[in-house]
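Starting off, we have a lone chain in the form predicted alone, written out as structure tokens.
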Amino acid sequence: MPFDSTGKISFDHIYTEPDPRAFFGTLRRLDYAIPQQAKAYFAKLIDEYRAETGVAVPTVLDLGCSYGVNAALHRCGTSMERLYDHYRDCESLSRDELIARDRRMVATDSVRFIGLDASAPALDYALAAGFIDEAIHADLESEDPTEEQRALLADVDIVISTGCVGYVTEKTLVRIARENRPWMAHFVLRMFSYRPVAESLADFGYETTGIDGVFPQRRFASDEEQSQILDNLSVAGVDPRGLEDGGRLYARLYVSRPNGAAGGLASALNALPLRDQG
């Protein structure tokens, strides 16, 4: 497999298929788990937002949503392991049959999900399956949102992500923040610095807090990938001992919230177990 500019194996091909079977089949072999790790934290964040604002049905923007995995975990009351089994066991189905099967998993929900991604096929599937309610197909690293996209972003209450920050930068997050100043929670690989994002969001009145602990993302795809990532961590001044040198990528969780209240929310999130499997 080719490597991307960060030294990681490139999985671009699994994000452009008409359905998520290649995505789940490939990532299961690498124990890809970060959406599962994030599930309880995002649920807590949504509950905190409801309690503080009185908004009964918050709008959540999943940045880099691909096939709507984070929304599916929330809406279907499921886990990554069950999703892996689900897509493994339906190889003979057509895309339309798979969509119909997926729609039956979706429960009535009190969260509105918007997915933002650069992959049109992944967004199309997430919409058709009912995992997300709206889609934004855009590259906000290189261009401002359209008027239609700005209208959707203006409704966003919370922004979440599980691995795209580092590939997307403060350029994207500032373009989102200036529309409505939503709460944010991002799982960021330790090889990337969140400082440029935090500093840029501070200009909009945000405070950022890192949550205690680290979260496993996936196993390295090869010894070569691990070697390149360890080199990158060394250059960044990040100690991999006991973590990446053991064979997995790890992330940290950062909460950015306007009006200087991220610290209190971080305390609530820190009370959650680091490896929720529900």
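In case it trips you up, residue 1 is the first one in the sequence shown, and so on. On a predicted model such as this, the values are computed, not experimentally measured, just so you know.
If you look for the form predicted together with a small molecule, you will not find it shown, but the lines that follow are about it.
- For the chain shown alone, V197 is not a contact residue for the small molecule in the predicted complex, no non-hydrogen atom being within 4.5 angstroms.
- Within 4.5 Å of any heavy atom of the small molecule in the predicted complex lies no heavy atom of F204.
- Residue contact check for Y254: none of its heavy atoms lie within 4.5 Å of the small molecule in the predicted complex.
- The small molecule in the predicted complex comes within 4.5 Å of a heavy atom belonging to S119.
- Comparing 44-52, 220-228, 234-242, 27-35 against the small molecule in the predicted complex, the single stretch with non-hydrogen atoms within 4.5 angstroms of it is 27-35.
- A heavy atom within 4.5 Å of the small molecule in the predicted complex is found for one listed residue only; from I114, C164, V111, C76, this is C164.
- This chain is displayed alone, yet in the predicted complex one of M191, A138, L98, A135 has a heavy atom within 4.5 Å of the small molecule; that residue is A138.
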